[in-house]
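The chain below stands alone, shown as structure tokens; this is the form predicted alone.
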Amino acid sequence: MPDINDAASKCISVINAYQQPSGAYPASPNFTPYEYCWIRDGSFIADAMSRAGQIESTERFFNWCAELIVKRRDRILQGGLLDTRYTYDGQETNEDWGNFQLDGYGTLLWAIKQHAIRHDRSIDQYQEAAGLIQHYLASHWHEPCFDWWEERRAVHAASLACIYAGLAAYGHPEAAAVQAEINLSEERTDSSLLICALFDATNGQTIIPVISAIEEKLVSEDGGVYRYKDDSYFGGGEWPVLTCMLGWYYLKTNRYDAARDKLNWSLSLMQPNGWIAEQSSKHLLHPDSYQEWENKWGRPANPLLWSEAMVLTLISLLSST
């Protein structure tokens, strides 16, 4: 297992190595279905790089997003929808994909504002894009969209939490209405719900039953975190992204040893070159389904830049405690 400072340096190096000249962050540079930039993944990656002091990389991504949004100004103002992922030069794809997702745009607003506060940076250059995103989210937040996993279309608590965080970061009046619609009791046990706690979007509801259910049902014997119980994607392995998010939650609740355990589990997956895959295959929920995915798409995504980012985020958070 790498030293924590060495691990952080490797995460930064991997992300910098694969960031595109345009500023886009690939979801995974070596896995064909993921050779695009997701707004959600990219926003979490940018936030991690901001925490690590990588200002140039962070703002190159924000610039890429701002240009992409402003070019679609007329579509946004006319009520049209935006995609969740784009080619590295900012174009839509023609593939069949669950493209209507709103969480990424909320996360992007949150990440831009956090970066500005963290480094006392001017974000005037993103003003037009941020305004358009707020208009877009305020117009569509109540519409069913795909969840984080691009599988189920509904109004999801995790998506609402991201939308709320973005609108609240800019003081948008619609933020309160979005937060009021978050109902944790109606959600299945899914680790994406961790974001409701991380973004302080629970609207007075206790998150403890949700966390307890995740810990009971979605944490492996080794400590990694699954997406949801019936996940069969590449057999349904544990995700470093979610494991680090649970560690982030533990830090918010002053459970420092538990947070370090989640970081250590994630670091145990880091390869000597710094790569961290999308998921571990050590304790699959549904191993019989693994081969069909490998036959379809090859080996699982490796590296996944979102995995690198969440490890970097948890290291940064632990280092500041």
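In case it trips you up, residue 1 is the first one in the sequence shown, and so on. Fair warning: this is a prediction, and the values are worked out from it, not measured in the lab.
Omitted here: the form predicted in complex with a small molecule. The next part is about that form.
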Using a 4.5 Å heavy atom cut-off, which stretch among 107-115, 157-165, 207-215, 144-152 contacts the small molecule in the predicted complex?
144-152
In the predicted complex, which of the listed residues (Y86, Y136, F199, W239) lies with a heavy atom within 4.5 Å of the small molecule?
W239
Go through L267, A66, A259, A27 and name the one with a heavy atom inside 4.5 Å of the small molecule in the predicted complex.
A27
Could you tell me if W38 has a non-hydrogen atom within 4.5 Å of the small molecule in the predicted complex?
yes
Would you classify Y290 as touching the small molecule in the predicted complex, given a 4.5 Å non-hydrogen atom cut-off?
no
Going by a heavy atom distance of 4.5 Å, is Y233 a contact of the small molecule in the predicted complex?
yes
With heavy atoms only and a cut-off of 4.5 Å, decide whether E278 touches the small molecule in the predicted complex.
yes
